[in-house]
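Form predicted alone, single chain, as structure tokens, below.
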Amino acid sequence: MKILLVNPNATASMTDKIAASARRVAGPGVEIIARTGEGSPASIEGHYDEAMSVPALLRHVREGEQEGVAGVVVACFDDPGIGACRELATGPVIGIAEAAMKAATMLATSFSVVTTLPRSVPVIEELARRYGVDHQCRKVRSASIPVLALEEEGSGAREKVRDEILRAIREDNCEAIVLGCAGMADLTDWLSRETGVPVIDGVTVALKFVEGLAAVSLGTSKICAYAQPNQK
């Protein structure tokens, strides 16, 4: 089984980190094809960056279809272009925000999201409403760090994320934490140990969702909203 994992931004080091996290949990015989959004913004930090990342994302999904992938993981917490990707793909397409939030509802009665910059907060709040989990999402919080700080040794970014999680547990009374950025994918084990609650990374969860759906031969419905586009 081949699964396409697309990092919609243009930072290859982040793609490598995300892919390593996915490969660590992939089942036997599952091949992860990791792609970077060449020509997209270096990080996705707002509506404009999100929109600019979609053309490269769609190109990779089209190419993945030609390579015979079983499904697609969109590894950006804004879940950019998910509907358009589903129109192109035959297998399941899952964004990491939807995967992480819905996994959180299976593990706890409430959760908070910890993301990078304050400008991401309203975007994620809207996603929680769209996915029908806003009544379980206690709060969307920002650690006030740029996305690319997660790629820099000695930036203190992971400690800031941990401290925000501890505040969320104390102030929001949440039972689980969703990490609101794909660049945090390598922090889950450490953060769970440091904070004592389930800390959910959408990259690994989305990968397992796609793998499971594909394993039971479930793909994207093509009879209405996600029918193939007239022009590819």
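If you're wondering where the values come from, they're calculated on a predicted model, not measured in any experiment. Counting begins at 1, following the sequence as shown.
This next part talks about the form predicted together with a small molecule, which is not shown.
A.B. asks: Any chance Ile44, Cys76 and Ser120 all have a heavy atom within 4.5 Å of the small molecule in the predicted complex?
C.D. replies: Yes, because Ile44, Cys76 and Ser120 each have a heavy atom that approaches the small molecule to within 4.5 Å in the predicted complex.
A.B. asks: Within 4.5 angstroms, counting heavy atoms, which one of the listed stretches 161 to 169, 59 to 67, 180 to 188, 194 to 202 is next to the small molecule in the predicted complex?
C.D. replies: That would be stretch 180 to 188.
A.B. asks: So, Leu127 and the small molecule: in the predicted complex, are they within 4.5 Å at any heavy atom pair?
C.D. replies: The answer is no: Leu127 has no heavy atom within 4.5 Å of the small molecule.
A.B. asks: Would Ala89 sit within 4.5 Å of the small molecule in the predicted complex, counting heavy atoms only?
C.D. replies: Contact with the small molecule, no.
A.B. asks: Val147: heavy atom within 4.5 Å of the small molecule in the predicted complex?
C.D. replies: Residue-level check for Val147: yes, a contact with the small molecule.
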